[in-house]
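Only one chain comes next, encoded as C-alpha cells, the form predicted on its own.
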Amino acid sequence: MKNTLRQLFHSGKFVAGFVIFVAILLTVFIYPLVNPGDPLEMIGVGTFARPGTYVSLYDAVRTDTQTLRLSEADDNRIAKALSAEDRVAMVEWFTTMGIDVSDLDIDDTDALLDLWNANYDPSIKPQGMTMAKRNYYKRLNNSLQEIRAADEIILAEPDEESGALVKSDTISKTDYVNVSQVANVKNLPLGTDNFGRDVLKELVSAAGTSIVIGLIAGTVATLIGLSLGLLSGYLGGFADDFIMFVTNVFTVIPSFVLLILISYSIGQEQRGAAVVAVVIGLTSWTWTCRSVRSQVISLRNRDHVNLSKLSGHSMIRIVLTDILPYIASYVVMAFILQVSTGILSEAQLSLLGLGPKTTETATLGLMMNWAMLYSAHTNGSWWAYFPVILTITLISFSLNLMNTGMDQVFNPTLRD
C-alpha cells in the first residue's frame, strides 16, 4: 500500500489533479468559517449587482472626512460618468455634424471631451435628428458641465416646524472617508445573482453540494456495477446471461434520457440532493459492470483462484479475497470517473429544471439554471455563470487528471 501511494505521488498528472481537488475541498470547508451565514440569503434588492466592494452611503456621509486634493479627480469622475453608450452617441453627433473622428479613440476621455467642448452647441439642430435625441445631448452636456462646475453637494433635512427643507451639511469634492471607518462595508468579489444573493458564498456552498451529489452517485453506481460485474464474471452461465441482458437493456436506453424520465416522475418537492444523487447512480452503473465483468473473467481461472476453489472456500470469500484485490485499483478509477459523471449529470439535469428543489440548497447546475432563466449571458452579467462553469471544469478536470495518473501507475503499458 505504501509503495502504491509512493508511485501515485510520483505521477505528475495525479499530483496536479489531487492538488486542484484538495484546494477546492479546502475552500468548501474553510470559506463558510470565514464568511458564515445562509448562502441563499437575499442581501440585495434587484438583480446582478456587479462584483466589488459596497459601502453604505448613509454611513459614509456621517463618517469623519479628510480633505484630499487629487489632480485627476474630476477627470476620473467624468470618465466614470460617461457610459459606453454615451461615448458612442457623442461619436454619432460628431459624424452627423461632419466632424472627422477617424483618429479619435472612443476610450480616450480627454480627447473625446476636448472635441465635444470645442464643437457642441445646444442651439444647433442637426438635420434629421429628432427632438428626443437633441434633448438627450443637452442633458448629457449639462451633466458633464455640472460635474466640472459643482464643488459640493448640499444635504438638507426637513424643518420640524415648517416642514421645509433646510440645509444641514455639505459634501465637498475634496472630502474623502477611510473605508475602514465606515460602519457597513460589504465585499462582493463575484457580485450578486438574479435574486440578490452573494455569488461567491453561493458558489462555495453549491460546489460542496455538487461534490456530495457526485460522491453519493459515484458510490451507488460503483457498488451496483461492481456487485453485478463480480457475479456475472465469476458465475458465468445463466447468471452471466441474465445480468448482461439487464445491463444491455440499460445500455440501449440512453442513460440521460432515463435519468430525465425518472427525475420528472419523482416530482419537484421530492427531489432533494440525495434523491437526485441516488437516481444518477441508479442510471450510470452499466459501463462499470461490463468493465468489472471482463476483468473478473480474466481472473477466475487463475491458479490462485482454482487453488482456493479446491480448498473448499465459499464463493464470497473467493471473490472478496482472491479476485477483488486484483481489480481494486480499477474499481477506484471507476469510482473517480463515476463521481465526475455524477457532478456533470446533476448540472445537466438542473439546467433542464429537473435538479434538486431550489428552496433547500444551491448546486452548480441550479446556479447555471438561474443564470440562464434570468438571461445573465445576454445582459453581460458574466459573474453569475462564468465562475460556475470554471468550477465545474476544475472539478471534472482534477478528477480526470487523477484518474489518468492512476491509470499510468497501474497500467505499465501506458507509462512513458
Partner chain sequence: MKGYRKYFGKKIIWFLITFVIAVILNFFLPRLMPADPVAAITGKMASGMTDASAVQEIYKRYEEEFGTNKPMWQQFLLFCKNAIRGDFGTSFSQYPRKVSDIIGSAIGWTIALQLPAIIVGWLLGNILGALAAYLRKGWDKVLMPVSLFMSNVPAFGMAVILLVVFGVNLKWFPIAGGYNFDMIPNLSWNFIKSVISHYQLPFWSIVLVSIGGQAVGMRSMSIYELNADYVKYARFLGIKDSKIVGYVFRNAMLPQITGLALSIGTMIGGALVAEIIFSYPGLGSTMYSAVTAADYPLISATTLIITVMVLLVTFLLDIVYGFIDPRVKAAQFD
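This is a predicted model, so every value here is computed, not measured. Numbering follows the first chain given and starts at 1.
There is another form of this protein, the form predicted in complex with the partner chain, and it is not shown here; the text below is about that form.
A residue is said to contact a partner when one of its heavy atoms sits within 4.5 Å of a partner heavy atom; residue 251 meets this definition for the partner chain in the model of the complex. With a 4.5 Å cutoff on heavy atoms, residue 257 counts as touching the partner chain in the model of the complex.
The partner chain is not shown here, and in the model of the complex it never comes within 4.5 Å of any heavy atom of residue 320. Using a 4.5 angstroms limit between non-hydrogen atoms, residue 65 is distant from the partner chain in the model of the complex. With respect to the partner chain in the model of the complex, the three residues 16, 302 and 328 uniformly fall beyond 4.5 angstroms at the level of their nearest heavy atom. When the partner chain is considered in the model of the complex, only one residue from 26, 57, 373, 70 comes within 4.5 Å through any heavy atom, namely 373.
Stretch 339-347 is the contacting one of 98-106, 339-347, 70-78, 230-238, since its residues have non-hydrogen atoms within 4.5 Å of the partner chain in the model of the complex.
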